[in-house]
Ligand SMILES: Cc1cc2nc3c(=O)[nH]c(=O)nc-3n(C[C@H](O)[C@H](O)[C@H](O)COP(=O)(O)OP(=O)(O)OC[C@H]3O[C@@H](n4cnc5c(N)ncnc54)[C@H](O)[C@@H]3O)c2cc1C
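Here you get one chain, nothing else, as structure tokens; it is the form predicted alone.
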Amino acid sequence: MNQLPNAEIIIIGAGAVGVGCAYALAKAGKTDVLVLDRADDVGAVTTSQGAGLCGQVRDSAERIQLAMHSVKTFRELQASEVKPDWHEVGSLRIALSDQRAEEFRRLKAAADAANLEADLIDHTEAKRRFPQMEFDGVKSVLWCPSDGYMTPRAVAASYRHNAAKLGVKFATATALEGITLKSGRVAGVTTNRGPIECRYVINAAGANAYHVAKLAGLELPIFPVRHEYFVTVPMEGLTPETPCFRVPELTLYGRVRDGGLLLGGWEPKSLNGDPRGYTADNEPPPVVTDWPVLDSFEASFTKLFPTARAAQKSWVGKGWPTFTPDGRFLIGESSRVPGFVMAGGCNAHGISGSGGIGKLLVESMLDPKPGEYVKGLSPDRFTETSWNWDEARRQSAHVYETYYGV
């Protein structure tokens, strides 16, 4: 392999977050960027296992606007030569209790405040949009017409293509071996292809983000948590235009994929990992398909979608998205190690939030006065305070387990 060129900014990790950050930086004028990944292609690890839904309804204006920026980015990429396979089909959020219906009213108010179109619709309208769904007994339905879904690996490929057009360079099949510091500041990295000088290292390494931070002398609470979904064989009536859906009381979400039903859920008792239990040279242990969990998703969903019962499953998606104790991203430069920048801890929003994460990263690095929201995502909140490892792991698992909590 040839020696790699020096760069102002090196991004570690070519998943949706890493290549999305490269695209955002290049659009902001920072084109001396090199993206490294030990896999043979972009989006090959955690990104490849993503379900691909993108929802914008959140409980705060900042989070809604972040998701709206991701949708804007996917629309932009969809107009390019290499597309993210973005389908803006809308989404139905379904409430089964009065308490959840009240939450939907609050979410609708938050969407209004952020100028996101979202409407509380009746059963007739909901049934028109998703004829296969049974809405008897449903308390409320919140419709967001600009939500949608994409193909995760296509998203990464689209980011790569469009970033490369702006001058970003990519080096796959390249393993990070160390981070070089001079006078306490990032000065370069060492790889299996030799050393490279740089001014900034951006850690977008997903399930290995903990290990990359350790190479810079930082310990950050970034925990992998198992997540699974299944895809059925094609089912009658499901088309690429069928809306996405979320059923918070059942902790389920889904969409159409290849003519079948993609159905995933959040487990009330998670299987989570300790990143100290595997090395930087390895991903977390392989996820073994948990059929009792997947069958429980199916059994719960048949209350709304009877034909899902016993539908033949053609594929299982499974992986280790990473979570943080407070459920917030880790984005921004470390004050302890200048030049070391985080872009991780995505709490299962890496792919869908990649456009917004890129925006936040650019603000954290290039804006002399970043907003309070961005400053609150800094890794300093963990490196400059004391915290307990076991408690942080418990809290991170709790974020996953209460993903749809009211």
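The model shown is predicted, which means the values in this text are computed figures rather than measured ones. One rule holds for the numbers: they count along the sequence shown, beginning at 1.
Heads up, the form predicted together with this ligand isn't pictured, but that's what we're talking about next.
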request  = Would you check whether this ligand, in the predicted complex, lies within 4.5 angstroms of a non-hydrogen atom from each of Val82, Asp147 and Leu263?
outcome  = no
message = Counting any heavy atom within 4.5 Å as contact, can you tell me which stretch out of 24-32, 358-366, 340-348, 372-380 lines this ligand in the predicted complex?
response = 340-348
inquiry  = Contact with this ligand in the predicted complex for Thr46, defined as at least one heavy atom pair within 4.5 Å: yes or no?
reply    = yes
query = Applying a 4.5 Å heavy atom distance criterion, does Pro224 contact this ligand in the predicted complex?
reply = no
task = State yes or no: in the predicted complex, is some non-hydrogen atom of Phe305 no more than 4.5 angstroms from a non-hydrogen atom of this ligand?
result = no
task = Examine Gly332 and determine whether its closest non-hydrogen atom to this ligand in the predicted complex is within 4.5 angstroms.
result = no
remark   = Checking Tyr253, Trp86, Tyr210, Phe297 against this ligand in the predicted complex, the residue with a non-hydrogen atom inside 4.5 angstroms turns out to be Tyr253
query = Taking this ligand in the predicted complex, which residues of 35-68 have any heavy atom within 4.5 Å of it?
reply = Leu36, Asp37, Arg38, Ala39, Val45, Thr46, Thr47, Gln49, Gly50, Ala51, Gly52, Leu53
